[in-house]
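Starting off, we have a lone chain in the form predicted on its own, written out as structure tokens.
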């Protein structure tokens, strides 16, 4: 298979971790006889330095012409960076919002997986963790409360703020289809999270999700209220496979799920549009304080590349190989500084990339 991949190293540790992910992808290409062609573009602070804006139209168009995008991280220290003494639309993170909008990336996938080797870092009790957990949060990314009409006004001498939560059936249907498609690649279970006992938008959400489920008789659908889901994540995380939910609920629940894995340096993510196209990135930030010091953990970016193989290129076998290589390296006791524990061997960014690539 020939695949065109746009890489966006970005700022801080971004170039280092993207380099290691590409190293692993090159090994996959060698072993499984594929061709991955890379084209690098700037986004974030580095784009501001070069062009005065966090994302140029040329960079966005280059991304549109690719088969997938691999992103490192953007931004710097908010309190100590020339990039933030400007209008919000000219700050590094504005590039991230612009590329999501420009590529119509409405479906956000955030896996939360507990490696047994990192179980001690999990804040939950051992009896709750059990045999571990492996879930993905499927979050609608471009609708809902964050994108609804909003205003603040004075009413009878009192300031009043209004935010509007709006979803239409098409927005709900397309994210539901993505969730059920992904569930078919996993354990064939979808838990749809809403607040249907209170919100009209949630009642429509539930109605549309149930209609989509009729096309997936092999996938089990359950509904769960968002407050109960938040509780269940810390009481019995092993019950979840694919969690489907709207924008704000997904924002909150995915952060909760990420924290019970023990290390944000291990968390991959993907944002997809209606085709197989996606942008893949680690869930962590640019960590400018350790940039260029060979200290960054590249595993989240490498696992994001595995998601790219699975969801954009439909290369499940190759994605499995990358994930198993990460597992093997951890089992063998290799750790970057952020996940280091007694009795393990500490390695840097580049060496961790080498170790994972060698095991594919």
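Positions refer to the first chain, counted from 1. Not measured: the values here are computed from a predicted model.
Below: the form predicted in complex with a small molecule, not depicted.
Checked against the small molecule in the predicted complex, the candidates 290, 105, 121, 165 yield a single residue with a heavy atom inside 4.5 Å, and that residue is 290. Screening 241, 181, 256, 93 for any heavy atom within 4.5 Å of the small molecule in the predicted complex leaves a single hit, 93.
For the three residues 75, 84 and 284, a heavy atom within 4.5 Å of the small molecule turns up in the predicted complex in every case. Segments offered: 318 to 326, 26 to 34, 294 to 302, 50 to 58. Contacting the small molecule in the predicted complex at heavy atom distances within 4.5 Å is 294 to 302. At the 4.5 Å threshold, heavy atoms of residue 111 stay clear of the small molecule in the predicted complex, well away from it. Among heavy atoms of residue 265, some come within 4.5 Å of the small molecule in the predicted complex. In the predicted complex, the small molecule sits beyond 4.5 Å of every heavy atom of residue 21.
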